[in-house]
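Have a look below at one chain only, the form predicted on its own, in structure tokens format.
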């Protein structure tokens, strides 16, 4: 049984880490981009970003004035038990979000869409979002917090099978150009692409690809992994760099996730995780151990399972 007070205290620690400390995989990718960037303004921005990250860590202050919209991803081993059940878990994550908003502090970005009601704690109807995943074995819980920008940097299009890979590339480049020219995302970023599913699942796949995959990871399908390499190179060939200035490092990495879809369509979404790439992860074990890491390890073989064991019904003999 995992104590609820341990869940809340761990969640508060994660909120602090996500807001202040850059994940090592993204930081490494950013340093590599800074070494190869030759655009004057893009180089200036990259160096300023790296200095800002160091200052944030030293001063224990949020790395960006816009601290995004905190959200949670929770993965449970099949034998995991939570004191008070899942309702208690959700309440603990909401309290941790409110506490961190006041303590880090985070900007209270969450408001009612119509009345603009603001509880000054990033908690409200449907906020923070809490999404779940499950694994076959284990009595542990993974808590993952992501502080992603909540305005732009996302696009969706219903493609058709006849559009093929070229159509996917076209929409990908259209999206990146719009993100850069119109200031709809802060580059360089981890780009997530969702392919397939219904519209809502397509959006979910793309967002998870951007925020729950580390820089340098590759899809377990080797053909998709090749596309990820190609799309990273393609995204960095359009002449844009940091914050949309002239340069050649707009994409730190490109991650693609897929889901089965209706035979007549090929839904696609594109998501840019902002240049702060704020995420933090911890696994809480039933014996009270807490292990912190930066890799969400969300997309396991189980999460990408394709079918199910089943026995087709035999037609009755005439």
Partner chain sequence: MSPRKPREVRLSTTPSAEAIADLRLGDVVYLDGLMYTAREGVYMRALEDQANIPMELPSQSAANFHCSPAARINPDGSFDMGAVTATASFRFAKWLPEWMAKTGAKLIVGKGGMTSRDYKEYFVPNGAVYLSTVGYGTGALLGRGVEAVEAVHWNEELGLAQAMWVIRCNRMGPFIVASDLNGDCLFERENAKIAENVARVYEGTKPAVLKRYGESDDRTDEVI
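From a predicted model like this one, the values you see are computed outputs, not experimental measurements. Numbering follows the first chain given and starts at 1.
Keep in mind the form predicted in complex with the partner chain is missing from the figure; the text below concerns it.
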item	value
Candidate from 153, 128, 192, 244 lying within 4.5 Å of the partner chain in the model of the complex - any heavy atom	244
Partner-contacting position among 286, 56, 282, 27 - heavy atom within 4.5 Å of the partner chain in the model of the complex	56
Candidate spot 167, 187 and 238, all three touching the partner chain in the model of the complex (heavy atom, 4.5 Å)	yes
Candidate stretches 137-145, 208-216, 98-106, 82-90 - the one whose heavy atoms come within 4.5 Å of the partner chain in the model of the complex	98-106
Contact test in the model of the complex: residue 44 vs the partner chain, heavy atoms, 4.5 Å	yes
Residue 254 within 4.5 Å of the partner chain in the model of the complex, heavy atoms	no
Interface membership of residue 160, the partner chain in the model of the complex, 4.5 Å heavy atom rule	yes
Partner proximity in the model of the complex: residue 290 to the partner chain, non-hydrogen atom cutoff 4.5 Å	no
Stretch 165-201 - residues with a heavy atom within 4.5 Å of the partner chain in the model of the complex	166, 167, 169, 170, 171, 173, 174, 177, 178, 181, 182, 183, 184, 186, 187
Shift in CA distance, residue 182 and residue 155, in the model of the complex relative to the form shown here, given it is 3 Å or more	farther
Closer or farther: C-alpha pair residue 198/residue 182 in the model of the complex, relative to this form, given a change of 3 Å or more	farther
